[in-house]
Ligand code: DON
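A lone chain, given as structure tokens: the form predicted on its own.
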């Protein structure tokens, strides 16, 4: 039996090592999968910067996280560089040139069930490859081969399936056996511990390694995509692929209680909505009202209700519509929108419509955060929309296509798969980018990176990121507690608070119901991967308990 002195020594030795594992100096990667996070760390150790690592993680997730990681979808990247530059890269999917306004309606003008969700017609033109390579070429340090090689090896030599991924693949077996091309790879029962090899995907990645964007948007891969479209009456053509280009955009900026918020602008609704929400909340003393109390939940719910009403009316692709950004992120507009807030009574979504901007002038998704030791931080969210996108694997190329056409408004007043409503600003047009809720975000403190955050979760992404920020700034929670803390969400319609099961204490729930709020229990949602940078430059990463990812640093 060990002496008490030895036991005390062992306790403090273990404790000190746990702390050392959680705080890092040279870099941190937090992603939805441990293998992908390790790829990012390997790239940083090789001499790459945060941008190199982020691109490597994205390509690795296309292999090891097929339900959401992708080269057949799109996304957004927000960057803060060591020289103080803030920028963002939009590689959102686009509607094919043959798309048209009513393409998902029948002759009676009704939405055809599942047509925008499953099968070839649901796919937008992919942007991930073009956007990731744009970031790498402009802001990375390493060459394409050194960054993509890890993903190629994972696809070609295989990786050991975790229990979590095996379960996801088996749970979706019925949907993954509908299309022949998908059935060839995923039409079987999977087991934890087996080696999963994806030869076709490896060859596709090699073409990207060797020829860059041309290795995807032209040549053999383009031929395979177009052939797949022809099999299932899809409408993506060679010309669609040839014309696709990512766009570097200014970040959407705001400030909250002295912190600077950098996030993604249209065609993402995320940045505008996040800053709009925070502008509202800044007018309330949340730390005094308390964490997850009836008073705080009421304030946040009413803010969410108004923000999502405006999201539905005003937001879309700014290349096609005039989005009143300056109004929506103004402090004055936030005050005006809450002028009818009654703390004793719930509002009604039927009555709360969008604001009057003229009074003020002008499923599945994955997120990862990366920080290096030089001061570069990257927040990236990519998506193929639903789990496994449109469920179609490009035959011979080995990757899933997205079902992002569902993020357009098929018909005003009819919700999409996430229950979100939209209007003409987000109607289908050829070459248009569909509205998104992705919210990759960087928070600065005194001009230096403080928090790198983001999440999957469809329409709930925005409120998850907002809650993460408020939990840290207002309620002084640690990064892990801020992320693991139970969440709730309101998106205007349906008129209900969607709360994670057991997330609202019964006495708090009773008070909210008495005020007139409807509360429904919802499964855990929105798996945040984030990094917190301390004042001394040390970093802490955390991957949400709701997923099976991991934050790794060195």
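Not measured: the values here are computed from a predicted model. Numbering follows the first chain given and starts at 1.
Another form exists, predicted together with 6-diazenyl-5-OXO-L-norleucine; not displayed. Remarks below refer to it.
- Proximity of residue 198 to 6-diazenyl-5-OXO-L-norleucine in the predicted bound form: non-hydrogen atoms within 4.5 Å are absent; the residue sits far from the partner.
- Within 4.5 Å of some heavy atom of 6-diazenyl-5-OXO-L-norleucine in the predicted bound form lies at least one heavy atom of residue 438.
- Contact annotation for residue 426: none of its heavy atoms lies within 4.5 Å of 6-diazenyl-5-OXO-L-norleucine in the predicted bound form.
- Using a 4.5 Å cutoff between non-hydrogen atoms, residue 453 does not count as a contact of 6-diazenyl-5-OXO-L-norleucine in the predicted bound form.
- Note on contacts: among 364, 330, 181, 213, the single residue with a heavy atom within 4.5 Å of 6-diazenyl-5-OXO-L-norleucine in the predicted bound form is 364.
- Between the options 131, 72, 422, 457, the residue in contact with 6-diazenyl-5-OXO-L-norleucine in the predicted bound form by a heavy atom within 4.5 angstroms is 457.
- Listed stretches are 467-475, 382-390, 137-145, 302-310; the contact stretch with 6-diazenyl-5-OXO-L-norleucine in the predicted bound form is 382-390, by a heavy atom cutoff of 4.5 Å.
- Contact with 6-diazenyl-5-OXO-L-norleucine in the predicted bound form, defined as a heavy atom within 4.5 Å, is made by none of 59, 94 and 240.
- Contact annotation for 393-408: residues with any non-hydrogen atom within 4.5 angstroms of 6-diazenyl-5-OXO-L-norleucine in the predicted bound form are 404, 407, listed in sequence order.
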